[in-house]
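The data below hold one chain only, encoded as structure tokens and taken in the form predicted on its own.
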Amino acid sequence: MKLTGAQAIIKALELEKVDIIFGYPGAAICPFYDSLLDSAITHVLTRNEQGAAHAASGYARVTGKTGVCVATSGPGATNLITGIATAYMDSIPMVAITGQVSSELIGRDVFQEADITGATAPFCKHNYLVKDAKALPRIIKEAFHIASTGRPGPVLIDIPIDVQNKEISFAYPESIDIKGYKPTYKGHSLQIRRIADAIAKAKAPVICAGGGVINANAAEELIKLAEKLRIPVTTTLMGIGAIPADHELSLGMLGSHGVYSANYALHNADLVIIMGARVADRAIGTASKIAEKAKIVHIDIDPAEIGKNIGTSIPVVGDVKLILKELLETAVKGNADEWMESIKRIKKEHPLKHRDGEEGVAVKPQYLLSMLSDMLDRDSIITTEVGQNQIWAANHFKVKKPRTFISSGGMGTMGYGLPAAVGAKFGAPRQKVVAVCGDGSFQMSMNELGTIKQHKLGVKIIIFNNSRLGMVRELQKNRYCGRYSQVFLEDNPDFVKLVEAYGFTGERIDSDSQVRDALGRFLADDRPYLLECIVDPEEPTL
């Protein structure tokens, strides 16, 4: 059939079963938007292109599908960069489509021209500058294949306006064979056998589950393996939800902002089984010391991650779900009963600390989040911003299911949580979606309240307001002798009046004694609601 390049893009998206895209129009992407009018694909107009990328990320993480975002050339495309980099660091499948100036003008610094393929090359799995409209069907097919296979990640397609307008004969490839791109899925059987042998001999094993477990939909296999072999499980920030927080073998999040029991297990284990994790500095800061006294198993679909940050005794490249299935068949329980007893004792002696509801002049975030997790069902979704609010949520909200804790890990992007909640709500419209924010991070993307209003999304918002950039203030207190620099937000707006201007309900509380009733009102229906919680500026992260 004869189609314009823009029509071909839409047709290809339909064939990829894309049902929703997030974006913001502009001149260089107008042919695409004109063709979109004839499609059943839902378009969500965010209030900033960065919001479109974060919303696509939230949608992808909740559904497991590839998120799609669209922007125009120049500043539209560059506004996507933070969202693309965030998706890259956290291995989120995303296809970003950008308009570009006409082909013959590229390189002349014309109006709204930016080299977006050059700018995003370091943090894309791949990107394309489309020079021939006839290549569009193949390129889009390849982009979705690359984004969603192997280690997932973002792919950008930059399309000049003349390419969008050019007529072509449309034929969509049935399959893709990309030379040099052949992800390994099946783990090496000999290496898996070595893992089984190491487990049988270990006296103090621990599993470290990362985001790769969730990406591979391998949580069920992980839990079965842990239960069969009686091995405790820690998670990274991205791995939260891989095992229910209330499971007897769950130790919580490890790392510099993690819980005592998780870090104790990691530092005293004789066998550490890392699954789908990058071994980042915030998760395993003393990697070399851990590797000196423990045998390290590292399972990852990306061979570049194995051995990058920690010495590995048994490396296995492949899909963690397939590898765990094979391990379930071959591995047998070792003699680690004494270890498990010590882990139980440590968990009991070092519980997460927070006061129960008390009268006072501030809300304890830990208390509120613990109560919130008790009041929500296991399918409810929580997104977070970055800072103290993120760590409070990671440690005190009891996540019970994969793909229900959505947060920016590797990039640590402030302004992520609210637009990610938008994407999550579109991905799971029947589930409660709660965005947990700090007063600083909320103001980085609060314009997406307009998106929530336009699309009548029942996104719930909690703001922990300490009138500070809390985590930076805490860092300056502990490491810079309390010399505070640019961390005060005393002139915050009235957040309740702000959401009322959008037609939403909001309320402010300043005491733990108000929490239960306020959360009842907050969760009463599926309409937008903002709960502002006044927090003591001195409230520590841990």
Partner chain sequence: MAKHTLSVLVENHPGVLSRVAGLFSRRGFNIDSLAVGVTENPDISRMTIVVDGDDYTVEQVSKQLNKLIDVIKIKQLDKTDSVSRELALIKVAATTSTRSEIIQIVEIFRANIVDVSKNTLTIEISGGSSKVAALEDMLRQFGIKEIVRTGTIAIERGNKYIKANNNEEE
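Residue numbers count along the first chain shown, from 1. Treat the numbers as computed from the prediction; the structure is a model and nothing was measured.
Keep in mind the form predicted together with the partner chain is missing from the figure; the text below concerns it.
Of the heavy atoms in residue 181, some are within 4.5 Å of the partner chain in the predicted bound form. Shown alone here, residue 146 lies within 4.5 Å of the partner chain in the predicted bound form, counting heavy atoms only. Residue contact with the partner chain in the predicted bound form: residue 197 places no heavy atom within 4.5 Å of it. In the predicted bound form, the partner chain sits beyond 4.5 Å of every heavy atom of residue 367. Comparing 425-433, 450-458, 172-180, 266-274 against the partner chain in the predicted bound form, the single stretch with non-hydrogen atoms within 4.5 angstroms of it is 172-180. With the partner omitted from this view, the residue of 404, 465, 407, 127 that lies near the partner chain in the predicted bound form is 127 [heavy atom within 4.5 Å].
Proximity to the partner chain in the predicted bound form, defined as a heavy atom within 4.5 Å, singles out one entry of 114, 280, 340, 306, which is 306. Heavy atoms closer than or equal to 4.5 Å to the partner chain in the predicted bound form belong, across 87-103, to one residue only: 88.
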